[in-house]
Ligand SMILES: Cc1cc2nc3c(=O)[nH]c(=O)nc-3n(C[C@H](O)[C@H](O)[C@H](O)COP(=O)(O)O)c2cc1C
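The chain below stands alone and is given as structure tokens, in the form predicted on its own.
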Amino acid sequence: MRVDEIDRNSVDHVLTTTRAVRQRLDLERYVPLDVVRECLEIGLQAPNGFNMQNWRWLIVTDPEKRKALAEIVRKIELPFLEAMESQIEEGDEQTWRVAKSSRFLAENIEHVPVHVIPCTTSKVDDDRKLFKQLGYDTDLVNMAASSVYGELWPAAWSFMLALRSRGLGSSLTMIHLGAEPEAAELLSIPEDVSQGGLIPVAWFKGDDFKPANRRPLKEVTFYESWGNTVPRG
């Protein structure tokens, strides 16, 4: 398909309306594994460093495993949400809505029919050692972490966009990584594999999504030097 044959309006619509879906997930409707597989196939087309394709995907549908994962999530997220909610300013309705939906998902995540855990066979510590072997002598923490997870997120986001285009909702959560070893033991994930998050997947309920309220581009984008406004043209 040539560029001039692409339906840009449809592409832009999916890109600007893919939301983190929490309260509008259909907790009752069955999600066929073939649909999940199809969306993951699309995710596998994402770019990645040196075409190493270190990503791995774990699909969890077993009710008991989902319940155990939910307990891990709640153990960490509910105290976190309490702390965050105490700092939300009065009148900040958008942040309150996010907090409310996050709490709803935490309290109901075991009922979401499919959990997808994006993983990578790269380890931050291993990459840090590699960079040192290559002669880098600076602080490598950020470089190594960006290298490991930076090749995972594009594939995860492509997967979520594919879900969106098929009428499914998702939300990339990372709170359970605070107890990553517990999840690894539960799901028999090897020690040399890093988890990148947890993506609950279900059909979404209600009307279509709209673009979210975001800060104006001119407030978050600079030109040539920090603070310079991007010119038109």
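This is a predicted model, so every value here is computed, not measured. Start at 1 and count along the sequence shown; that's the residue number.
Keep in mind that the form predicted in complex with this ligand is missing from the display, and what follows is about it.
Participant: Of these, 46-54, 64-72, 170-178, 187-195, which stretch puts a heavy atom within 4.5 angstroms of this ligand in the predicted bound form?
Facilitator: This holds for exactly one stretch, 170-178.
Participant: Quick one: R37, H111 and H115 and this ligand in the predicted bound form, is every residue within 4.5 Å by at least one heavy atom?
Facilitator: No, the candidate spot makes no contact with this ligand.
Participant: Which residue among L78, M84, V98, A145 has a heavy atom within 4.5 angstroms of this ligand in the predicted bound form?
Facilitator: Looking at the other structure, the residue within range turns out to be V98.
Participant: Is there any non-hydrogen atom of V14 lying within 4.5 Å of this ligand in the predicted bound form?
Facilitator: V14: no contact with this ligand in the predicted bound form.
Participant: Look up in the predicted bound form whether L105 has a non-hydrogen atom within 4.5 angstroms of this ligand, and give yes or no.
Facilitator: Within the cut-off, so yes.
Participant: Contact with this ligand in the predicted bound form for K218, defined as at least one heavy atom pair within 4.5 Å: yes or no?
Facilitator: Flag for K218 set to no.
Participant: Residue by residue through 11-37, which ones have a non-hydrogen atom no more than 4.5 angstroms from this ligand in the predicted bound form?
Facilitator: In sequence order, R19, A20, R22 come within 4.5 Å of the partner.
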